[in-house]
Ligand code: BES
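To begin, one chain is listed below as structure tokens, in the form predicted alone.
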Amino acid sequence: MQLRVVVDQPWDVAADVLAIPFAGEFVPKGALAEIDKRAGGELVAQAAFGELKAERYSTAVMSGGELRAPRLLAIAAGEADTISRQVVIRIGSAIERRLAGRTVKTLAVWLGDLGDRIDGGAAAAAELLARGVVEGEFEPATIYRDNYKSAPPVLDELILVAPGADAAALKKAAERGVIIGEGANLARRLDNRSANDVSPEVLAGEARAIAERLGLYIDVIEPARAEKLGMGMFLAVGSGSDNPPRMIVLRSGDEGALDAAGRRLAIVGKGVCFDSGGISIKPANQMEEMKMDKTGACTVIAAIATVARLAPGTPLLAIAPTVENMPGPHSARPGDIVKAMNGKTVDIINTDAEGRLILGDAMCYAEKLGATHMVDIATLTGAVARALGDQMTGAFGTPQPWYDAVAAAGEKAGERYWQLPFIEEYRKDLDSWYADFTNTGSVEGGLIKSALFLREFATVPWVHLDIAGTGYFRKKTPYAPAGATGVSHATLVELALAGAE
């Protein structure tokens, strides 16, 4: 897709479709009045008819009249004082998705006053809109179907329209947005692929191809070496499947190098290619979604690839412990005692609390490789979805300044997090008669107990992001299809780029 920024007025821009966002109720004034006039009063007529609504992300497509674009797409941005960076991204995605099934090769999007509503001004609006349009192109139905007719259009050209702006600065910002959007779509495509298509070995192969393309170091740890390294939790989870586990390690920058912020940042992602629950088997209802339990791994693989495109050589580690959690003759059983890489012993009470086991060994290995700061990302608990739904990611962190740095990256990325507390009184619920602690306690406070478990494997500043609610949508929205969302990819990218030269 070609990207162009023009400083002409929107009515002078030639494209198949001109998209115009508006805030609040539609009021024809200023540039909107001129667009409406040249469109033959279509905007006012659609608003009077009730087709042009103020509800955020609602859209109306109409004739362009005397505009140079034969079609006009109006999209509601919602109340002006509630427009955020996330909203701008979603406006871009909703525009692209509204055109699904249509023949559109050239799309022009007028920035309007979106830059006045967010930090960073017009450049930020250009970046986030471009990213949103790219993310809006993603359609999981096309992964396995060649004849799917209702996908968003594949654009030849995206034109951002910003009268009077610095075109070069906006184009540079928009190009950054395109690359971040493409990275999110890479994560989503890997994540949406089915378990019979993506095993741990296949995901390792995908990571290797990415590493070779972008000049990243890669190491794939197979079971024999994992055993020598003492990764007892990781191996216990993967032992029930005929598809053996793989610990995927990607590195940007020189071995042992610190970034410009003095960090050796590691991003660690849970990669359960299919989670049956193991011996503690899950109910059949919605078990097909458990191909999505590799979301964290797909996210960190895509994030390091995106960082490599935007700032090659930035020191960064991405570690993806990748397994299938299956019942079988060699599966871990409730009551089994396993030893983690840091020497701590764990009493496996529930084999369906497997993500924290593989993450624990991966976090230990990240520190062994010299990580000074860590973020893990995982579809870890159903509890976070019940508490926060699919629009807010639950997060834990220690110490507070490191959590604040991750939250700031999330703010820049247009992603929302809610910090949850470590409640020390709950730690005793993980006590075991036979081991240092169990992998799960009582249901009450289970979300916090999962983070307390992971804390046992971090000795450096660490943040845990639980994306079990936000990692995939069960139904489509105006700005996204059902399936993987790519959430937190941009946060991890922004966090890493904060240490780029």
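Numbering starts at 1 and follows the sequence shown. Worth saying up front: this structure is predicted, and the values here are computed from it rather than measured.
Form predicted in complex with the named molecule: not shown, discussed below.
Residues placing heavy atoms within 4.5 Å of the named molecule in the predicted bound form fall in a single listed stretch, namely 377 to 385, out of 90 to 98, 377 to 385, 331 to 339, 128 to 136. For the candidate set Leu359, Ala353, Ala174, Val198, a heavy atom within 4.5 Å of the named molecule in the predicted bound form is found for exactly one residue, namely Ala353. Listed residues Lys368, Lys282, Arg102, Lys105 were compared with the named molecule in the predicted bound form; Lys282 is the one with a heavy atom within 4.5 Å. Highlighted residues Asn185, Ala211 and Ala490: none comes within 4.5 Å of the named molecule in the predicted bound form, counting any heavy atom.
Contact annotation: Thr440 falls within 4.5 Å of the named molecule in the predicted bound form, judged by heavy atom distances. The closest heavy atom approach of Asp293 to the named molecule in the predicted bound form falls within 4.5 Å. In the predicted bound form, the named molecule stays beyond 4.5 Å of every heavy atom belonging to Ala69. Within 4.5 Å of any heavy atom of the named molecule in the predicted bound form lies no heavy atom of Glu324.
Heavy atoms closer than or equal to 4.5 Å to the named molecule in the predicted bound form belong, across 435 to 472, to the residues Thr440, Ala468, Tyr472, ordered by sequence position.
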